[in-house]
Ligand SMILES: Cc1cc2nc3c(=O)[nH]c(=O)nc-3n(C[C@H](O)[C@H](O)[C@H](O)COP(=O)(O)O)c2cc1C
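Let's start with one chain on its own, the form predicted on its own, as structure tokens.
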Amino acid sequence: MANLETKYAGLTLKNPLIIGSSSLTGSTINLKKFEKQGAAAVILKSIFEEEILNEYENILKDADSKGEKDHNLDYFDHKIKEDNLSEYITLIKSAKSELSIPVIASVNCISSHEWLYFLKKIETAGADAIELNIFYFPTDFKKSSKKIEKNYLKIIKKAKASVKIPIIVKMSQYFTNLGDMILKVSDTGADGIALFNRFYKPDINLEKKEIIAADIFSSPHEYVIPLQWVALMKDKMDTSLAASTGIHDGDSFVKLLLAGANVNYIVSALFKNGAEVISEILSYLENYLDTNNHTSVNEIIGSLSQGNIKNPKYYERAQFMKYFTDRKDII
């Protein structure tokens, strides 16, 4: 049987399957199920800076509507932060006491201010690494892309300077020059980069004419998005890569390893198919390696990245144009 052990963001893992952050990873009961099925690491549900700020803003609005003075508001600001942090620290400590696999904390942040204090507390609580999930939705059209990118990099650099445990950056694909931005994130010293995160997306209910949430789960065909960028970036930097989005089965899982992912995150597959999908994916991986006479998973990681194929252009958009130029059987 092939050796599945691999490394990601400075962590040695028994295999390349990581459970991504979601509501499912906010329960130690679930975390133990995931470990039993073979998961190599878990990323806890996120602590959201934006939710903490919104809670405080609601208190401000309520106090203002009642004509109350603001001399107690600093107390509420501090209490809200401490309550949220205390709850999260409890989750980290509980997970560490119940699991033998690495426990990665997740911080969903939008600024480089007080949440850095959270990171130090998270490190002290025993987290093995911290994943930063950073995103500014670009609705401020006066803010340049350069300024937005500068804010991202500022957050990452401050995070790296504030703790000693590995820092993983989970990125979105919404950048003017995505490849350049990934390289800049790598240059900050980030220990790992995950491609890509998912966000809330609005939809419209035609009958009620209301704004509703679109499907929050990924679709199996979406794995091709991280596959392309993992393959493009693998040979251009030393930072380890994780693929996330659209990984629902062993087939897509192996393809992303071939493209260059050191590990893959799964989330939506858990919601749709249960914890058993973990062992199913790992069994598929083991069978693939044995069938193709590989002794280690590291033998296949990146073997089909852009730098390891005869025609690197296959990962570039020009091939999309060529495909439809050559097709004559559509009509």
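Don't overthink the numbering: it's just position in the shown sequence, from 1. Quick caveat, the model's predicted, so the values are computed rather than measured.
Another form, the form predicted together with the named molecule, is not on view; read the next lines as being about it.
Of the stretches 196-204, 96-104, 141-149, 233-241, only 196-204 has residues with a heavy atom within 4.5 Å of the named molecule in the predicted bound form.
Proximity to the named molecule in the predicted bound form holds for none of A129, K157 and G192, with the criterion being a heavy atom within 4.5 Å. Under a 4.5 angstroms non-hydrogen atom cutoff, the named molecule in the predicted bound form has V267 among its neighbouring residues. Taking non-hydrogen atoms only, F175 never approaches the named molecule to within 4.5 angstroms in the predicted bound form.
Using a 4.5 Å cutoff between non-hydrogen atoms, S252 does not count as a contact of the named molecule in the predicted bound form. In the predicted bound form, at least one heavy atom of S46 sits within 4.5 Å of the named molecule. If you take 1-38 and check each residue for a heavy atom within 4.5 Å of the named molecule in the predicted bound form, you get G20, S21, S22, S23, in sequence order.
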